[in-house]
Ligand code: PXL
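Have a look below at one chain only, the form predicted alone, in structure tokens format.
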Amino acid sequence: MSYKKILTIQDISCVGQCSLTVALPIISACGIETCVLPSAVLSTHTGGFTGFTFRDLTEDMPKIKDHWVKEGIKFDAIYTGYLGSTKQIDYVVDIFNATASDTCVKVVDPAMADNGKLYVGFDAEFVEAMKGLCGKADYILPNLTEACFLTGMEYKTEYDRAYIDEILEKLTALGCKNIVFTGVSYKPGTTGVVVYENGQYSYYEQLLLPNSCHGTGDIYASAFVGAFVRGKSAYDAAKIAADYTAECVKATAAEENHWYGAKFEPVICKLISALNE
């Protein structure tokens, strides 16, 4: 395996086991050099904490990019997570153009919505900007809510394969031909991941766990990127990431007061073992 260099662009919540505090250790554990561009610094994440601090780093992003260009730094993969504004999305496009190697894999997690609703602070203008960014990616990782906002489809909690196929068709029309579609459930008590590559459909199903945690989307996306850049196929990377995320949720369930994130560190050995199989 050649030694790859990944750039991940997202915010950093100092406490809360999400965003860069998840992406950096997980991708590093996959044996890949992990470079970061923080889009903002928060004392904690915003899900359940109050009075958190927030430092916007939007205007630092082009300056950082310019320095990298001056130094001739290029990346083998670029992975974006939560971006706070349309301006940040515009800067990410510039970073794609300026710092991607000739074989760079660009992965966009359109982290903007869940449970049928956009996150606080996002609107239709942001959705349109995210559509454009997704069109420039090699792989996108939406959940069902995000996929519906990106395509204009009605959000449903009960659906069939035809509904998912229509969403996939509309997602590919944005310009990205490869989709890792999370949280797809065709029957009660299950969840799963659809991997759609250049028109080819595959599905990995799991049991739906009774508890959920903040940050599992970040864990999943980071594990997928790490496994994929490590050399696994998209389907195998999606499966490894799904299994690892489930292990993180199980590890967290036993601790009653650990409500703010998932305990990904104690089971990271299972991710490493899966990568070596």
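Note that residue numbering follows the sequence shown and begins at 1. Under this definition, the rigid core comprises the largest set of C-alpha atoms superposing within 1.5 Å between the forms. Values in this document were obtained by computation on a predicted structure and should not be read as measured data.
Beyond the structure shown, there is the form predicted in complex with this ligand, which is absent from this document and is the topic of what follows.
Shown alone, this chain has one stretch from 46 to 54, 30 to 38, 230 to 238, 246 to 254 that lies within 4.5 Å of this ligand in the model of the complex by heavy atoms: 46 to 54.
At the 4.5 Å threshold, heavy atoms of residue 42 reach this ligand in the model of the complex.
None of the heavy atoms of residue 262 is located within 4.5 Å of this ligand in the model of the complex. Remark: residue 119 counts among the residues lining this ligand in the model of the complex, judged by a heavy atom distance of 4.5 Å or less. When this ligand is considered in the model of the complex, residue 196 lies well away from it, no heavy atom lying within 4.5 Å. This chain appears without its partner; in the model of the complex, the one residue of 75, 149, 91, 82 with a heavy atom within 4.5 Å of this ligand is 82. Residue 218 is the sole member of 216 to 246 found to place a heavy atom within 4.5 Å of this ligand in the model of the complex. The two forms, fitted on the rigid core, differ between the shown form and the other one by 2 Å or more at the CA of residue 52.
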